[in-house]
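One chain comes next, on its own, written as C-alpha cells: the form predicted alone.
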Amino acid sequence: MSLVSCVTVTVPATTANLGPGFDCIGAALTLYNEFKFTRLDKGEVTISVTGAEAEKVQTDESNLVYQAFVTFYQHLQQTPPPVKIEIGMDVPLARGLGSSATAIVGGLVGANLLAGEPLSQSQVMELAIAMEGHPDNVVPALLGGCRLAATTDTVWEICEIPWHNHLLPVVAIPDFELSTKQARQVLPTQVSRADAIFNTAHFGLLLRGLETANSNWLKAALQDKLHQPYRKALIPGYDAVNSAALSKGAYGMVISGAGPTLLALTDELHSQAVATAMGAAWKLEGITAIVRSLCLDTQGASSTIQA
C-alpha cells in the first residue's frame, strides 16, 4: 500500500434529530471544517488552529482530531507517524452542529489516507461511531446527505433519506454554548406510551415530508415529545424565535442536535425572511446570533492528496 505525505480533508457540519428522529437521524450541511495532515520525518505532533473560536481548541495530544488519528493507528496495531495537523474552523463549538463529529471523521479519514487507505469507508464509519458513541452526526459527516442509522447487535444499517431539493435549512447559531452532557441531563429516563406513539407517527411523517416537501406534513412532522420539550428550557428565547420563523414561512423549527442552535426548514422563497426574523427575535431577547441559510451537503467528507 502506497503512502502519501500530505492530505487535506474537508468535513461538513451536521444537524441531528430533526425533531422526532432523536438519536437516529442526521443531515450534513453546507458549513465546513478543514483538516490538513502532513507527515513528518521526525518529531512529535504539532497542531495549529485558525478560524471561528480557534482559541478554544486544544493544540496538544488531547486534541480530538489527533485522538481520532491515533485511534485509527491503534486499530491497525501500528504506531502513529509524526504529523503536523492544521485545522481551519467554520463550525462553531458546542452549538449542536456536529463540531466533534467533524474532528473525529477528519482525523480518521486523514489517517486512513496517509496510511494508503487500508480501511474501507464502512470500516472508517464503524470507528467513527465507536468514538462518538452514536451515529447521527458522524454518519452524515462522513457520507453526506440525510442518513438514518439503526443497529442489530453490533451491525449498523445506514439508510439514505431522500431530501427534496426545495427544502432549505436555516440555522440560527447563538453566542452561547450548550454541552451535550448538559442537554442530556434534563431528559427523563422513561417516557409514556402515548409520547412514544406520538414520536413514532411523527417520525414516519417526517421521512415522507423530507422526500416530498409537503408543507402540511412537515408542519406536523417536526413536532417532538422525547427531547425538545425538556431542552428548550435551556435555550433562552426559544419560543420567540420559533414564532418568528413560523410567521415568515418556515414549515417548522427544531433544536439542532443538543442545541442551542435552532434550525428551521423552509423553501428558497422564504429562507431569507425566516433567517432575518430568527436573528431579530433573538436580538430582542438580548442574544446575538449568526443566522445562515444553508443547503444539504450531499458529498460528505472530501479530500485532496499530495503525494
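Don't overthink the numbering: it's just position in the shown sequence, from 1. Keep in mind that what you see is a predicted model, and the values were worked out from it rather than measured.
Although not depicted, the form predicted in complex with a small molecule is the subject of the following passage.
Enquirer: Check whether Leu97 has any heavy atom within 4.5 Å of a heavy atom of the small molecule in the model of the complex, and answer yes or no.
Expert: Yes.
Enquirer: Taking any heavy atom pair closer than or equal to 4.5 Å as contact, tell me whether Met253 reaches the small molecule in the model of the complex.
Expert: No, Met253 is distant from the partner.
Enquirer: Does the small molecule get within 4.5 angstroms of any non-hydrogen atom of Arg231 in the model of the complex?
Expert: Within the cut-off, so yes.
Enquirer: Is Thr180 a contact residue for the small molecule in the model of the complex, using a 4.5 Å heavy atom cut-off?
Expert: Heavy-atom contact with the small molecule at 4.5 Å: present for Thr180.
Enquirer: Among 89 to 97, 141 to 149, 232 to 240, 204 to 212, which stretch sits within 4.5 Å of the small molecule in the model of the complex, heavy atoms only?
Expert: Answer to the contact question: 89 to 97.
Enquirer: Consider the chain as shown here, without its partner, and state which of Leu31, Ala258, Ala277, Ala68 has a heavy atom within 4.5 Å of the small molecule in the model of the complex.
Expert: Of the listed residues, the single hit is Ala258.
Enquirer: Find the only residue in Glu117, Asp195, Glu132, Glu126 having a heavy atom within 4.5 Å of the small molecule in the model of the complex.
Expert: So the residue touching the small molecule in the model of the complex, by this definition, is Glu132.
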